[in-house]
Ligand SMILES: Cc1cc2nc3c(=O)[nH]c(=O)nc-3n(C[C@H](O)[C@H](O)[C@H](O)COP(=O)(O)OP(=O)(O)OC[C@H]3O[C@@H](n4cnc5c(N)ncnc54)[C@H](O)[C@@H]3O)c2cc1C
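The chain below stands alone, shown as structure tokens; this is the form predicted alone.
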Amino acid sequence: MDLRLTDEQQALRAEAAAFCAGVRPLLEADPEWRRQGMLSDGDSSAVNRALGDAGWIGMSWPPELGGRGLSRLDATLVEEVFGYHWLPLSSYLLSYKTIGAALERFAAPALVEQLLPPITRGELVFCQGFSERGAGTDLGSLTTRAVRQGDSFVVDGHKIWTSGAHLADWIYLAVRTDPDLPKHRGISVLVAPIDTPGIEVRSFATLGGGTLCEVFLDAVEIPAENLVGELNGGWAVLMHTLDFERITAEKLGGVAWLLDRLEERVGSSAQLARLRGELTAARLLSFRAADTLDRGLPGSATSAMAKLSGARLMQRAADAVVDLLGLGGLGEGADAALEGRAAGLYRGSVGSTIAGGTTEVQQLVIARRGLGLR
């Protein structure tokens, strides 16, 4: 692949840029959008509704589900534009790009018809209940239990690092349904409204300036028809979800904005030239990963390459702010250097090589599934 876009893709990106300019007043009226390290990780219900009204959520889904029928590559190109304009995209990314992609592929038709249209309208927001204490990088070690009782599963456990749970309408849960099977084979995926009795959400602040949550599940009854995919076949569902999550074009858009602003302030430099070269490579890897998923090919290795290159680039771009502007480049507030955005990026970039799978995990995926090594 290369970076040359079709006329249709260029027009789509121009449409997305015009949308971003139109919602700028919503951002200025909502100071919370500035609180997250990489602003695409932030939340704004007003922006999410605007995305839905404009037809940007679910754009790669078929029209009967409220989508535009575009490719995943087209969506990735749009998300890069959104990131350049620093839209708060947490709800969009979780509900459409990652969880929605898995629902579209694995959920029963009735569940798809119930959940996907309101997601596309920006009316329904998901959070992702994966990680637990002791089961983050090693997700297969999760211990949250779901026991079948009649027409329901009864769930008990504890999730942590759950982005957006305090704002979500539904939760997408990885649970253990057969403790006697090997750990990757006894996992299933369930979805449930976040206000289901027995679900408690507690939030806490993060270094990046945003909010994460932990979710406690105490005898939570979830209807059996809310199973996503096969019983005990949840590992495939989870990996498909992560294949989409790890394409982070929106963060590359934020890095592109940062490099443009740095060059305006300090002019050209060898350091910025190297970073622009890395950005070009990271973009290519993201586009390749999206195209791989569009063609229905296994995407774990290409998505891991995209995620790893983008995460490392975020950290090096954050370091460049200090190298070129000194500590004054990390001032906060709209009147600070770089509109105060670099400080949040600097803090948030610390976790970029951890969240969504550590650097070591991405390297293992690339080696094993991309290169066939053992």
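Since the structure is predicted, the reported quantities are computational estimates derived from the model, not experimental observations. In case it trips you up, residue 1 is the first one in the sequence shown, and so on.
Heads up, the form predicted in complex with the named molecule isn't pictured, but that's what we're talking about next.
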Quiz prompt | Stretch from 287-295, 144-152, 267-275, 126-134 whose residues place a heavy atom within 4.5 Å of the named molecule in the predicted bound form | solution = 126-134
Quiz prompt | Q9: touches the named molecule in the predicted bound form, heavy atom cutoff 4.5 angstroms | solution = no
Self-check item: I354, heavy atom within 4.5 angstroms of the named molecule in the predicted bound form
Solution: yes
Quiz item: Is L73 one of the residues lying within 4.5 Å of the named molecule in the predicted bound form, judged by heavy atom distances?
Solution: no
Quiz item: Can any non-hydrogen atom of N226 be found within 4.5 angstroms of the named molecule in the predicted bound form?
Solution: no
Practice problem: Counting non-hydrogen atoms within 4.5 angstroms of the named molecule in the predicted bound form, say which of A107, L212, L217, L238 makes the cut. | Solution: L212
Exercise. May I ask you to choose, among S300, T177, S163, T120, the residue with a heavy atom within 4.5 Å of the named molecule in the predicted bound form?
Key: S163
Practice problem: Check each residue of 357-373 against the named molecule in the predicted bound form and list those with a heavy atom within 4.5 Å, in sequence order. | Solution: G357, T358, E360, L364
